[in-house]
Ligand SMILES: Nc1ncnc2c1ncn2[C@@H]1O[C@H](COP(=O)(O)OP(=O)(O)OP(=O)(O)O)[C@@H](O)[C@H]1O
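Take a look at this single chain, the form predicted on its own, given in structure tokens.
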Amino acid sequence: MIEVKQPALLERYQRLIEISRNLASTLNLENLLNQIVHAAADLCNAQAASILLYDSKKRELYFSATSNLAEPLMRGLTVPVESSLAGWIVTHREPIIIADAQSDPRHFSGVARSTNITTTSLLGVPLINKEEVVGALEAINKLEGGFSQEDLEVLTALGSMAAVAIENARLFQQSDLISVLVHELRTPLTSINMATRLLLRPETSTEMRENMIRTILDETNRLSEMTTAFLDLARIESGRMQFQVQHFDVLPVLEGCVRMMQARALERGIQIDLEARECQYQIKADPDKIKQVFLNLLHNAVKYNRPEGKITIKVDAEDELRVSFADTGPGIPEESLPHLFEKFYRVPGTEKAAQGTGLGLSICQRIIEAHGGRIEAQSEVGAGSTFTVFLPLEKSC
């Protein structure tokens, strides 16, 4: 019996060596987590695998990656530390093999309600790096038989490599974001500093004082938008962004966004038209996150439009929901279109025309993709731009 098992075990360890090379060279956290869960499911011959990362300050566990769940909004779902198998793994710092999870009092049934996947057998190991618990790695539902000690050894080895790789990716991610944030903070802080110095000078005229006060207000608003964008991006990239999913009609959300942006549009003489049939466009999503995307796209359409321009929002549905935002602005050069959704990217020449962080479209794309949708951009220089959001449709009339 030992002679039959050894070649399979040796082969799995050889695969672990290959996987370790890939993990060591991956600094994108999302890609890294996906590699780990797919490797775990494959190595343990399991139906699925997942990583739950641990936030020691909040004492929370949250799903960060799963191998085969069709529901992308699973990412960010929190699991109670005190009453879950993953919580037991993290608090006890020990691996666990469960043959019948449904009969185990530590099993958290909330996951099954969110995913429609019933956990029968489970193998879990803690992710520990430098004596600190990073999270838990779980393999779910052995495809043949039950999880063995051999499976445990392999998953433990993968977990050890994964914990180090996750912390390295996190450090790289944080340093990258922090360096950009510090760089972006300098400009508004310099403007505020100069405006304040002028306000303190007794010879400053009333008109100049009013201009300086407006400058301070504009720059503090810019700082607020900037920090919000960076926090959103950090939550998305770390898997901490949570989604409160429900069924709702998109049209009232869009109408609310138009009302919110109307005053800003009127300041520049821009007309906003919403074109949609009197119909319900039902989707299953987080309404606040979808509203955030719509507001961002509408805000961009106002900001980068020409004075006395026009914005047309069109809603229609066949197999999927389509919401397009068309403006009459200067348009985007063809060479810039492939880069629009990259972090920190700004179309050359727009820096002086309108301020921004270059994060809005990247955040929008990540939110829409988490809902199983996509965003596309079309533009012609001199004729304007159109951004279209596609989302899975529940039903429409």
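All values derive from a computational prediction rather than experimental measurement. Residues carry their position along the shown sequence, with the first being 1. Only the largest set of C-alpha atoms that superpose within 1.5 Å between the two forms is called the rigid core.
The form predicted in complex with this ligand exists for this protein as well; it is not shown, and the discussion that follows is about that form.
Chemist: Find the only residue in 296, 215, 282, 160 having a heavy atom within 4.5 Å of this ligand in the predicted complex.
Modeler: Result of the distance check: 296.
Chemist: Only one of 61, 347, 39, 65 gets a heavy atom within 4.5 Å of this ligand in the predicted complex. Which one?
Modeler: Answer to the contact question: 347.
Chemist: Any chance residue 248 has a heavy atom within 4.5 Å of this ligand in the predicted complex?
Modeler: Taking the distances in the predicted complex, the answer for residue 248 is no, it never comes within 4.5 Å of this ligand.
Chemist: Indicate whether this ligand has at least one heavy atom within 4.5 Å of a heavy atom of residue 303 in the predicted complex.
Modeler: Looking in the predicted complex, residue contacts with this ligand include residue 303, since a heavy atom lies within 4.5 Å.
Chemist: May I ask you to check whether residue 340 falls inside a 4.5 Å heavy atom distance of this ligand in the predicted complex?
Modeler: Within the cut-off, so yes.
Chemist: Quick one: does residue 331 come within 4.5 Å of this ligand in the predicted complex, counting heavy atoms only?
Modeler: Yes.
Chemist: Which one, 151-159, 101-109, 316-324, 303-311, holds residues whose non-hydrogen atoms are within 4.5 Å of this ligand in the predicted complex?
Modeler: Contact criterion met by 303-311 only.
Chemist: Just to make sure I understand: among 366-395, which residues lie within 4.5 Å of this ligand in the predicted complex, judging by heavy atoms?
Modeler: Read in sequence order, the residues that approach this ligand (within 4.5 Å, in the predicted complex) are 385, 387.
Chemist: Inspect the rigid-core superposition and answer whether the C-alpha of residue 230 shifts by 2 angstroms or more between the shown form and the other one.
Modeler: After core superposition, the C-alpha of residue 230 moves less than 2 Å between the shown form and the other one.
Chemist: Would the C-alpha of residue 138 be classed as shifted by 2 Å or more between the shown form and the other one after rigid-core alignment?
Modeler: No: residue 138 shifts by under 2 Å between the shown form and the other one.
Chemist: Core-aligned, does residue 310 move its Cα 2 Å or more between the shown form and the other one?
Modeler: It does shift by 2 Å or more.
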